[in-house]
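Here you get one chain, nothing else, as structure tokens; it is the form predicted alone.
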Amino acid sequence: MQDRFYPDVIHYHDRTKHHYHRYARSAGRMDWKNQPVPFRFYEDTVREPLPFLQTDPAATHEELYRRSNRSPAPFTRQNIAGLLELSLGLSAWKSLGSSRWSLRMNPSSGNLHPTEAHLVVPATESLQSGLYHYNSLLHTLERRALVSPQLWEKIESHFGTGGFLIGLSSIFWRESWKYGERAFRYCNHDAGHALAGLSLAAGLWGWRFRCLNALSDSEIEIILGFDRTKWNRLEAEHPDLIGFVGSQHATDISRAVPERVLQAFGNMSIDGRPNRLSREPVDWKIIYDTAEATRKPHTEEQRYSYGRQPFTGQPESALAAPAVIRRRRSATAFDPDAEIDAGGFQAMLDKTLPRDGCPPFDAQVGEPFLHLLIFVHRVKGLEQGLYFLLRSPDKMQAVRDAFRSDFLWKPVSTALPLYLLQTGDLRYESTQVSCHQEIAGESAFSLGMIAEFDAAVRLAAYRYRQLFWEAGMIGHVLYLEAEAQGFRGTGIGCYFDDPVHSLIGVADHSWQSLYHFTVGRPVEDPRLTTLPAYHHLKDQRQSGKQQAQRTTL
């Protein structure tokens, strides 16, 4: 049976496509005086400063994806702080002339960062059990409610192990200020990036992030206190997901929260006033209509099996896992003559395949629905041309039936489901379909993430958001893999949707392109100055209030 909101999803998706003759609707200009503040603060809360890592976890690049040899760390304030620092914290500041902006571990469309994080943590040696908002600018937890020992006992009893909860939410206005109606897509990309960052960083402490995939959006709002928060107009946080972070060895973890625990959360008093982000937020009505149409109801909890296929050979990286995370950047220009060898290229792609017991995809948001259409420009050992990475082996026949009949489908490797579709120099085509952006053609390779769209969304409209989360997770892996091999990636949200579909021979909604990405050797801008991530916190905490005031309106 078709979801009753499916037509609303199709209306939004088609209306927000870019075309050669017109782009999706946006403001058409940069209203700098109305630019949203990039950091959320909850005023009138108790702020708990978090310690910074003095020593990063000892883990190789390969151990980002293999946590099996790591003993689970205790759930202390220090370790929880370390997880947040390496997943959602600041990575650097950049300056050019009088302009200065921060970068974060988790990438974001336009560096606008609509994603917020909230934690429900147990009592530690120096932290009261409670509901907290993570303030990445100050690396601080802002306490919104205390969680009683009785409630925490119920939580721990339900999950059968120690751990804590992390919830993600989106502020649509942060993205729509620049991108207009298409911003709903980008907010969900960013949620996927943040989810992948949390899952990968959790593994460095021997923990696993498990998505509580049974929860409804309404239940998430109750747990995070959104239903009792007075939001500024058009600046509310919309619920994305909640995950349970526990030991990697814990088995049979529930993906739901019992009614008695939900009732206890609903009865908690919530503290804190959300800071105002802009003077006059603009109402992009279709975004809020689509958010309503794609709200998730309560569902049966699901567990997914992705298989345990071995990884392909991995080029040795000189960078440890935390260094790879800290160095992640988005390239703005590439060396058009640089190439990557075929082994490194295939190793990057291999990390995007979901595997049981391997982050980030074992967070188990849902069934994998995305595959990669790849423009190979300069990969040593491979012909230039169009390739396809099949991320679900059982979907081969469906793909071949839907795509152009003249594609070759020539296997490239016995170890990787990678196929050559057609040969030729497609640098012009890849640049053209990515909104004429040169980085798509001057890279070593670029790609589009192609979703089994109707199969995912027709029966459950909320899966529309999850498709973009999956795309963001894939993009996050590619960012880190590029850095590990001395290259750099860039997510591309601007592309011409239907020309991509025409390229593969699809004219309906069965398959849709949801995100583009490109990888190459970066050309650095010598005009930029780089500053340490938390240089603004002298002695870690001096003048935190003043910093908050300087960052707000």
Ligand SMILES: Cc1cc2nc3c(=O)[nH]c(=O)nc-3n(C[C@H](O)[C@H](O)[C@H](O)COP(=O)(O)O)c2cc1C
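Start at 1 with the first residue shown and count on from there. Quantities reported herein were computed from a predicted structural model and do not represent experimental measurements.
The following text describes the form predicted together with the named molecule, which does not appear among the structures shown.
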**Asked** Would S108 count as touching the named molecule in the predicted complex under a 4.5 Å heavy atom rule?
**Response** yes
**Asked** If you check in the predicted complex, is R174 within 4.5 Å of the named molecule, heavy atoms only?
**Response** no
**Asked** Quick one: is D190 in contact with the named molecule in the predicted complex, heavy atoms, 4.5 Å cut-off?
**Response** yes
**Item:** Exercise: L103 in contact with the named molecule in the predicted complex, heavy atom 4.5 Å
**Value:** yes
**Prompt:** With the partner removed from view, which of 241 to 249, 298 to 306, 110 to 118, 360 to 368 is the stretch that lies within 4.5 Å of the named molecule in the predicted complex, judged by heavy atom distances?
**Reply:** 110 to 118
**Request:** Report yes if all three of P49, R77 and S148 come within 4.5 Å of the named molecule in the predicted complex by some heavy atom, otherwise no.
**Result:** no
**Fill in**
Checked T312, Q437, S129, T161 for heavy atoms within 4.5 Å of the named molecule in the predicted complex; positive is Q437
**Item:** Contact residue in the predicted complex, chosen from G493, P57, P36, P522 - any heavy atom within 4.5 Å of the named molecule
**Value:** G493
**Item:** Residues from 471 to 485 in contact with the named molecule (non-hydrogen atom within 4.5 Å) in the predicted complex
**Value:** Y479
